[in-house]
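Quick heads-up: it's one chain on its own, the form predicted on its own, in structure tokens.
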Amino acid sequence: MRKVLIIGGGFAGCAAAHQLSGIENLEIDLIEKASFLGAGNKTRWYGGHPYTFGPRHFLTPYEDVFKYLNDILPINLCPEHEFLSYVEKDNDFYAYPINMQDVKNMPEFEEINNELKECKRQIKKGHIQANNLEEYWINSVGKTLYKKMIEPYNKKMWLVDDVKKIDTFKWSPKGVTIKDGPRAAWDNVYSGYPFDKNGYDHYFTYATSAINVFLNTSFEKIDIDRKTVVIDGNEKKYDIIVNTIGIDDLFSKKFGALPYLGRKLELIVLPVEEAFPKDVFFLYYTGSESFTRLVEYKKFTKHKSKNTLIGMEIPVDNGGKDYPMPFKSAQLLALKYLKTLPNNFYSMGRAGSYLYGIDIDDCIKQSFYLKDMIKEDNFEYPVPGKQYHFPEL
């Protein structure tokens, strides 16, 4: 019997638990420092309304991931959803992703249109080159549209004074494609939220039903190479460890601390049945407001009430670990930690991978790969460090 430890009981930890519990001869322990599973995806209640810490919309292009979760926790598809962005100087809302339908109604349409034509000419000639987020957007849509919508939002989103500091995204040589209409970007993905009034909570219970779960528990000491942990003063030895917490925390920050941003969530109940326009789930704010976006939770949850609950997200640098920072230097530091992991020691999920783009569906996809890697190699890796390379998502 091989012994497995999973560190962290968020979506990544629970998905890993469910996949590994399907492999014979594994005894699995999961430790979670909170008093509940699910982390930010757990359903809470305020004013009689269900909510999660920020919108936890299930959005995925993966058919296998959608089928997997939908079989366990039926998903109420909402393909009609739309996002709007508020531009203060125009006192107007525009759809995001940006589309030509809205661009034609902007005060600077002629200037923006000329810049778009020039960008297309440069892209066609193969002259576009980008080393950071600012260059990518300017080369794709021109300075006017970038200054209007992209730059102010990203400064606020990441609490940076210069968008050029954001330098770890994958830059397409073809740039951004301006959509024809507001629906164009979302028609080829599964978009939804659980039917269950408690959201994803059933999944966390279901996924961990065949393993040992220890809540209000964290390790006091860990020897990564020996795969031993000390919990409540007792040392336990494991054959496999799966980590889903911050990779620098696992190593007690011996190479340095990885930068993160936190999020403050303000909840507001309004005395109307619905506040947002039909089919609009998110409102993004690109100006000097302290908050980045609002979400009307009942658009996802389909909760019935004479009132409505709005969530307001505010970026804060308070030690929270909601978002890994998209800096090349931070990614290289995370990679240094990941390369140090021994055989049969995995790190996954948003914090464990140190990737901002990891969401619910990616955690599930990683758990599929985790199961395959463990089964395929029979717990032995011919190349040290191989296991940290999850396939690109």
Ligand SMILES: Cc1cc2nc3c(=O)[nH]c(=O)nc-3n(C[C@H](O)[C@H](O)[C@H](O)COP(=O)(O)OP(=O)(O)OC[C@H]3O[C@@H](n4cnc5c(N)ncnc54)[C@H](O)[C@@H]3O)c2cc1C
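Superpose the two forms; the largest set of C-alphas matching within 1.5 Å is the rigid core. Residue positions are given as counts along the sequence shown, with the first one as 1. Note that the structure is a prediction, hence the values are computed from the model and not measured.
Below: the form predicted in complex with this ligand, not depicted.
Checked against this ligand in the predicted complex, the residues Met325, Leu338, Val65, Ile358 give one hit for a heavy atom within 4.5 Å, which is Ile358.
The listed set Lys165, Lys227, His81, Arg263 contains one residue whose heavy atoms approach this ligand in the predicted complex to within 4.5 Å, identified as Arg263. Candidate site formed by Leu20, Asp29 and Phe368: none of these residues places a non-hydrogen atom within 4.5 angstroms of this ligand in the predicted complex. Of the stretches 52-60, 338-346, 65-73, 325-333, only 52-60 has residues with a heavy atom within 4.5 Å of this ligand in the predicted complex.
Although the partner is absent here, Phe219 lies within 4.5 Å of this ligand in the predicted complex, judged by heavy atoms. In the predicted complex, this ligand sits within 4.5 Å of a heavy atom of Ala12. Using a 4.5 angstroms threshold between heavy atoms, Ile245 counts as touching this ligand in the predicted complex. Not displayed here, this ligand is kept clear of Thr43 by more than 4.5 Å at the level of heavy atoms in the predicted complex. Lys197 shows a C-alpha shift below 2 Å between the shown form and the other one [criterion: core-superposed Cα displacement of 2 Å]. Once both forms are fitted on their core, a CA shift of 2 Å or more is seen for Glu220 between the shown form and the other one.
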